[in-house]
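Next up: a single chain in structure tokens, the form predicted on its own.
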Amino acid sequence: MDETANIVWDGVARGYIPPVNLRISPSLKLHTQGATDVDPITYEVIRNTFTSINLEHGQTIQKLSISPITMIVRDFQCAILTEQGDVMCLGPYLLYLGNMQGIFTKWILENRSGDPGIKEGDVFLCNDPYVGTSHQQDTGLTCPVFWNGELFCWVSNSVHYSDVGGPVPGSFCLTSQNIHEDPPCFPPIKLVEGGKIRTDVEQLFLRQSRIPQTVAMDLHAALAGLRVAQERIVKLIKTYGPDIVKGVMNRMMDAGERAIEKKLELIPDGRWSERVYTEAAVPGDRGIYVSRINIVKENGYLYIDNQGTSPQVGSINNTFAGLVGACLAPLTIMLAYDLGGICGGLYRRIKFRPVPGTITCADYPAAISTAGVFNMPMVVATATGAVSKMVACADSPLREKAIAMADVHAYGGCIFNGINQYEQFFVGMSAGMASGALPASLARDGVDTGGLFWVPGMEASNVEENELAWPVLTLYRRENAAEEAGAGRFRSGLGVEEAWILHGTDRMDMQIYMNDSFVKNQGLLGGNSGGRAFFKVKRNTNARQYLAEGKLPQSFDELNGDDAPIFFKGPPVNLEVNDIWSTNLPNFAGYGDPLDRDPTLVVQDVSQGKMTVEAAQKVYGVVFKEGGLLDIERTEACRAGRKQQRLF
């Protein structure tokens, strides 16, 4: 029996779960008629046009925004939805934002179709996590597309805005104990009405921000993206007719579902679970908390729950929308990898059975604002572990798509603010995670600095772009070593460490940083766990003396100074003119026993300077002769001896 059957999921007391049949005002007419006999060529032309429209939507946002987190890192998502708010296709951006746009659009259909109504030329704004966003900074816009007075479909986007208010610059409120200490939440409200921006609503939203000009430019970029997508879809309807276009939309969804059905047939019925431990609900807390995801595959469907997750606490929570988005990200990568972003069919095959009142499905009024850096990545990591175990049990060729767990929980970002050399206030977000590290899979090594699988379109900024945006200099950016962290028969891709120093200002406050106390991910089927993300600060260094001499320091160890004590979730750190700091995106998990790794791959890593001869023997049991040549006999003997020792 479903213990949550009598719980009301209304987006008020807890997260919103759309019912199977939406309660839509009869005053809103929906276009539902679709042709069933579309010829193959027309179908392919329209299908590819839809994906192109969605890509153009995203490119418009990227080109017109001015904040680095949107313009460069691409921390946003865009989607095309059916008239009922079902996500049809999404872009290659932040995957966990995709289905959330469908959730809050369905809420609008249920709660706004009667009053104030949904009309042509409207755009709704929403940043309420209980209705359907990941946290307040990821503000969503959704726009109905009408044809002859009937709602034909929706276009939607969600963009991370640099500051949306609240007590802390950047709006990540670490000390919040409830939503009332967080940035403001706006349930869906009309930002644009009849094609005209409502100045009162725009000013209400921008008034909360410390950097309203930046947020305004990004908001207008998001509106422009909607406008482009809307115009292209209307043109498509004029060219082929509404019934043909709707018929293609229906067929795209159906074809995607059939493709997922075939993949699910390769997976045996069963149950898979993963748990990840995290720390510190608020600064100073010494508690340890559990995120757990369980997946049951049965009769062609996947049933997902979070039973076993810790109760909601402090500022490490997300709502139902976040739980859904975090689970769908790895499912999209491992099951819908060949669908070109047309993922609606996948979503039809997944049923959620959430446990409310937990850190991964919190009830109102839990604090949510820090979810984007502390909780959402943690749930993505947990879901990745469960999905990977399931896919690893599949028949080929699906089995080879399983990836080792990616510790996106510790993704090497930091958020800072201060006054720059022009006496202007700034808020910065170093996206150290953008360089990425793709985890190992069952068939190959991960990709060194290969981006993040859950944000396929993310790009790492050039250091010059960081230095242009904020008063900083980058001392170095380099790959990690290929040693214990992420080792396996196939190893993880290598993450990145980068170090910075102030330039153009003499003080800056670091509000958010990641400094793991322990590793938070596990290897897959015998692979080593990944690394520990860290944030380090060294005070009163002689780094500027190096710079004056025309040299760039390449490590903390070579500099004089004092190491500052840093916690996983601590109070803001004040950085001064002679301080340096560094962030690290760790290597992720490996797959399989490191002693089964092809020795020639180890030799290759050594020859490329990615690991030392000593590490090769310690981690992989690979022994070298004089002159750096592989000693095959001693390697085989070393490995056999170590495997024998494991038996005792």
Partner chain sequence: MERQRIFIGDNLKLENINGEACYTCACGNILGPWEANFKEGCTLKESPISSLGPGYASSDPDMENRMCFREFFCPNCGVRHATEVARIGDPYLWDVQPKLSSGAVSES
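Positions refer to the first chain, counted from 1. Keep in mind that this is a model prediction, so the values were computed, not measured.
Keep in mind that the form predicted in complex with its partner chain is not shown, yet the notes after this line are about it.
- Although the partner is absent here, Gly428 lies well away from its partner chain in the predicted bound form, with no heavy atom inside 4.5 Å.
- Among heavy atoms of Glu56, none comes within 4.5 Å of its partner chain in the predicted bound form.
- In the predicted bound form, no heavy atom of Gly446 sits within 4.5 Å of its partner chain.
- By the criterion of a heavy atom within 4.5 Å, Ser555 is excluded from the residues contacting its partner chain in the predicted bound form.
- Screening Ile288, Leu204, Val234, Val577 for any heavy atom within 4.5 Å of its partner chain in the predicted bound form leaves a single hit, Ile288.
- Residue in contact with its partner chain in the predicted bound form (any heavy atom within 4.5 Å), chosen from Ile118, Ala392, Ile333, Val313: Ala392.
- Contact annotation: its partner chain lies within 4.5 Å of heavy atoms from the stretch 267-275 in the predicted bound form, the single such stretch among 80-88, 335-343, 267-275, 365-373.
- Scanning 69-87 for heavy atoms within 4.5 Å of its partner chain in the predicted bound form gives no residues at all.
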